[in-house]
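Here we start with a single chain on its own, the form predicted on its own, put down as structure tokens.
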């Protein structure tokens, strides 16, 4: 919630974005540390999801894209809506109340938020804090800790949606470079699903799908034997997904 909001800002509807990133081995979540632009001595090191109120002249998807860019500098990335969060208690934590009183004209207003999740390859983007985001940090999915508002609940809903879509849509490849090893692909799926995927079975079944193509490239700068790199063929994914394949 940014202080001194423009007059066309809706005080009762916001968007919050769960940005998942993958660094080649670990699934991470992007968080921002909030502060007051007009009072740098205002102490509040609470971490939250990138989010803010919507403007009355924009639809929800436009709002999510704008807010994410305003707070982190990220743009033109995959965004998927996951649902609405409207508990009357979602803005009642003591530190959240202090924050709202410091930056909102109507701190007691009930705010319903629309959750989104985004997917990026961490190495392809440089994030920057802006607006009320003092710092932008990547945290391991299992190391997020307690966040402000109901943002832990939003993350849980986001990971459930991501897991549900992972085998039906090619969204996982948004987190990978264009050329990747089978080990990277396995690590990604295993991280998202919370572990338990058999490595050999995963490799065997992935190679049989038809949507992976060998390249002439190999890993570089690794202390072990370089692995061959593959690329994803989107046109072949639909045929493979009809088989409802599973790897765990």
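Predicted, not measured: the structure shown is a model, and the values here were computed from it. Positions refer to the first chain, counted from 1.
This protein has a second form, the form predicted in complex with the DNA, left out of what is shown; the following refers to that one.
Out of the listed residues 61, 215, 201, 57, 201 is the one that sits within 4.5 Å of the DNA in the model of the complex by at least one heavy atom.
Per the 4.5 Å heavy atom criterion, the DNA in the model of the complex is contacted by stretch 193-201, the sole one of 193-201, 48-56, 62-70, 23-31. Though the partner is left out of this view, residue 233 does not reach within 4.5 Å of the DNA in the model of the complex, counting heavy atoms only.
Using a 4.5 angstroms limit between non-hydrogen atoms, residue 219 touches the DNA in the model of the complex. Taking the DNA as it sits in the model of the complex, the stretch 211-235 comes within 4.5 angstroms of it through a non-hydrogen atom at 219, 222, 223, 224, 225, 226, 227, 228.
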